[in-house]
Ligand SMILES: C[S@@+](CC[C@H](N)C(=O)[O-])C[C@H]1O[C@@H](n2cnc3c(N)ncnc32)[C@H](O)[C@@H]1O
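Only one chain comes next, encoded as structure tokens, the form predicted on its own.
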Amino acid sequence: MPVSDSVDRDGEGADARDGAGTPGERPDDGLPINELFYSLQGEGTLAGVPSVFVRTSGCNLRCWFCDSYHTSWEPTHAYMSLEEILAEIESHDADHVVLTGGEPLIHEESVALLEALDDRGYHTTVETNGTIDRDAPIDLASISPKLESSTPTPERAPDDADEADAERWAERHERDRIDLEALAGLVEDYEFQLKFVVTDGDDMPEILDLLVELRDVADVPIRDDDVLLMPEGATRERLAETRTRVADLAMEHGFRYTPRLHVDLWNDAPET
């Protein structure tokens, strides 16, 4: 159920409107929902598992290659109450729910949703950039730390992005994209996977350095098997350029390779 309207570009929420674009009341327990749909998990250790996806709008970062542009660079949403979200999830025959974004953990209300899903026996995956650590029942924290190669510039930004936005976000994104304290908290508190979006071998030194730092501060082991390399690309054409070299890098370094099944199957179609 794609919906459309503005949400604050800094990810903190703004005017709430209904799906028709007229002003509406924001529910006390509501979340700005960009999409809510049933599909296959396309990435990570649960790739191929039928799941309900709850995509919130708003993000505290701006990756230039973001594959959910309308949750970050141009965030759109309609507010749904917790009751409405749960009813939509329960209308699908799935045991797994993926809370994604944007960055879903910028919203405090995400905790209440995760608690309600836990009470109902769902397996929950949270897709997060690793900059926010909340106390919530999460079965799998799918953590995707953002590398330097994700930082936008006026020359490296989505086609529809405003140049001033790219300039404004470049400094903020670079400053905020790695938070070791939050990363350590997430890997200590939850079953986790570290999922890096990789373009080519130039990304590997930063990944290896970050793993050294994170292993030094975290109180739990981080195995190479917990590290997944995922090819950068939101279209089949782009994945055709990156997947083989990323697979080769995974074998070279002893990490796992994860596909992007949803892109392979449905290209860049929404609700996949």
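In this text, all values refer to a predicted model and were calculated from it rather than measured experimentally. Numbers for residues come from their place in the sequence shown, where the first is 1.
Not pictured, yet referred to below: the form predicted in complex with the named molecule.
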Work out which of T124, T151, T76, T100 lies within 4.5 Å of the named molecule in the predicted complex, going by heavy atoms. T100
Tell me, yes or no, whether D29 is in contact with the named molecule in the predicted complex, where a contact means a heavy atom of each within 4.5 Å. no
Is there a heavy atom of S110 lying 4.5 Å or less from a heavy atom of the named molecule in the predicted complex? no
With the partner left out of view, is S68 within 4.5 angstroms of the named molecule in the predicted complex by any non-hydrogen atom? yes
Given that the named molecule is not shown alongside this chain, does M230 nevertheless sit within 4.5 Å of it in the predicted complex, heavy atom to heavy atom? yes
Select, from the options 155 to 163, 180 to 188, 84 to 92, 101 to 109, the stretch whose residues sit within 4.5 angstroms of the named molecule in the predicted complex by heavy atom distance. 101 to 109
Using the arrangement in the predicted complex, list in sequence order the residues of 255 to 272 with any heavy atom within 4.5 angstroms of the named molecule. R260
